[in-house]
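First comes one chain, alone, set out as structure tokens in the form predicted on its own.
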Amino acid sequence: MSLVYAGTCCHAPGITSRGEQADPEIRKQLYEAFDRQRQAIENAHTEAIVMVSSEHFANFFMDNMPTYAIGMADEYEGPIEDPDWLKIDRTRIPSNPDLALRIIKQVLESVDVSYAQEWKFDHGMAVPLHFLTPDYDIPIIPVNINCQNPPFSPLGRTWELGKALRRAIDAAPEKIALIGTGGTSHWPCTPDSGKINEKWDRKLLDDLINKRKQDLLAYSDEETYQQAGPGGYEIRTSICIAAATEDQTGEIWFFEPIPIYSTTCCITTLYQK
């Protein structure tokens, strides 16, 4: 049936772990934007969600760090973090291994990817899923891009991954939504944690919704580190979705720097059927 919805969203663990510490009105607006995205996914009669995120050393580490990986397990478990801290109950998340295998095979026609039959979701997947499919009744196919430690994938290759995912999704008979998570300035696990570069974030979001390929591919890792911190490397997840939806101009549904969450929280829609 092909792609029916695509967008991006934030995945900061503070959204749930210390959610009540944000301005109540801003928090309400963020949750409403998540709910709007959930409704868009449900209204499209989505049969599976392909979720592109950055993994945070929960499964992949320096002894085995794939540039790109796609999950093909029967099911997943998450969050890997302490549920009492993240405030998301640990649960089993359904998958569709047959669809995952078809997507992997199609993507391999143009982009090399690894696969994983075991995968425990950390907050990068768990926080968005908590809002977007709270009943965990939509199969999830996880895609990981190494945004944690260099050497990183060149942004042009990340763009090609997005195009390959779109071709694979459009070749499937299922109705599929594509979500990218993370991606704005943040300085996790550093003395600068809580710092936000709103100007950089606004430029990035404007480039994303307008699918400015050349501008998006011009973000160097050196500049990103200086302007957006080590968390800024997660732009790859958003660029992947922009590439997959190059045929439509997107919309920003929520944008707000929230220091207590240590990042700018954003929700965008980049494609609707």
Partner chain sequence: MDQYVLSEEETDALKKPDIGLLYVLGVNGQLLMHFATMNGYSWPEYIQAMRDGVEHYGPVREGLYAMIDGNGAT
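Residue numbers count along the first chain shown, from 1. All values reported here derive from a predicted model rather than from experimental measurement.
Not on display, but discussed next: the form predicted in complex with its partner chain.
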Quick one: in the predicted bound form, does every one of P134, N210 and W253 get a heavy atom within 4.5 Å of its partner chain?
no
Heavy atom to heavy atom, is P230 within 4.5 Å of its partner chain in the predicted bound form?
yes
Even though the partner isn't displayed, in the predicted bound form is K195 close enough to its partner chain, meaning a heavy atom within 4.5 Å?
yes
Could you tell me if Y31 has a non-hydrogen atom within 4.5 Å of its partner chain in the predicted bound form?
no
So in the predicted bound form, does any heavy atom of Q226 sit within 4.5 Å of its partner chain?
yes
Just to confirm, with a 4.5 Å cut-off on non-hydrogen atoms, which of P83, P173, G156, P150 contacts its partner chain in the predicted bound form?
P150
In the predicted bound form, segment of 64 to 72, 200 to 208, 236 to 244, 51 to 59 with a heavy atom within 4.5 Å of its partner chain:
51 to 59
